[in-house]
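What follows is a single chain, given as structure tokens, in the form predicted alone.
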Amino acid sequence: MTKGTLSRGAAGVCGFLLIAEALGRTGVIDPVVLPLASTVLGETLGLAADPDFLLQLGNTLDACGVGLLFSVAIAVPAGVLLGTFRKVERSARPLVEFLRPIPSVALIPVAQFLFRDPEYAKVSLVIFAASWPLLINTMYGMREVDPLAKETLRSFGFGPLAVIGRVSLPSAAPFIVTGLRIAVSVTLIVAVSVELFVGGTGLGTFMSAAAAGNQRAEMLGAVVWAGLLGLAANGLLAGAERRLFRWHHARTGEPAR
């Protein structure tokens, strides 16, 4: 991301906050219903020193991390299998196309029946939701591998596993990382949603408690933190992707910033 892009983004955010503050100050928006932007920002900064908030935030991040690790361990090998063997992919496609569109939130009651512990329910739904972008991107990445490169390796006597490890996986790596970027955002959304509905511990539970106590600025401050975490995770992965896979951007004609 260039300095110009950052400055324009910052200007947009500042403009939005100034407009929101002005609408609250002039009475267009009732500050009792929706707190002033300055109040929400102050509460957001205050939460950084709140031990209870930090504990809840850590619980959410733990669930996201565990769920994401399991998703990678399950979805990437499955994507390699389906992307390599077309007959297997055709057999599994009806099941994939049936399960993939199901919203994770719709499965919360099912997870509650299967797992009495809210934490297990949360992690299981994070795994379900995060696996799909990883699976699909891995499948398409495996299909985009240069056939000539694979045939060249086979002509030197390398077997199928060696071809996958030396050619297919390195070529598909940019697609897998893109799927990981999408999955990271999905994990946070699903984890907070489950906490809002099921309870337990985490950022969503903190928001529910703040809303129940009519602490609207505190609740919105927690929402801001959720957005900042998602933005930071996406930015870190996007930066790593651009630096690690410059060759991929050069091949596709995309700028590697």
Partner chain sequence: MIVLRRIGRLWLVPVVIVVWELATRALGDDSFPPPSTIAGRMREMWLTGPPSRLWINDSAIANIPPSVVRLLGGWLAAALAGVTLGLLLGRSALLSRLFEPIVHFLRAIPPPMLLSFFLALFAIGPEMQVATIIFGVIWPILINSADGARTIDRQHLDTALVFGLSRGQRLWRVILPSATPKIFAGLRVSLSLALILMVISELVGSTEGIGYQLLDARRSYDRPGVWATIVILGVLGFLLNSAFLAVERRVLSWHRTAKQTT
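These numbers come from a predicted model, not from an experiment. Positions refer to the first chain, counted from 1. By rigid core we mean the largest C-alpha set that fits within 1.5 Å across both forms.
Beyond what is shown, the protein has a form predicted together with its partner chain; the following relates to that form.
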property: Option touching its partner chain, based on a heavy atom within 4.5 Å in the predicted bound form, out of Ala149, Ala73, Ala162, Ile102; result: Ile102
property: Single option in Leu69, Leu45, Leu55, Ala211 placed near its partner chain in the predicted bound form, where near means a heavy atom within 4.5 Å; result: Ala211
property: Partner contact for Pro94 in the predicted bound form: its partner chain, 4.5 angstroms, heavy atom; result: yes
property: Close approach of Gly227 to its partner chain in the predicted bound form, 4.5 Å, heavy atom; result: yes
property: Exercise: Ala11 in contact with its partner chain in the predicted bound form, heavy atom 4.5 Å; result: yes
property: Contact flag, Leu107 vs its partner chain in the predicted bound form, heavy atom cut 4.5 Å; result: yes
property: Stretch from 141 to 149, 162 to 170, 119 to 127, 182 to 190 whose residues place a heavy atom within 4.5 Å of its partner chain in the predicted bound form; result: 182 to 190
property: Per-residue C-alpha change between this form and the one not shown, Gly235, threshold 2 Å, rigid core fit; result: no
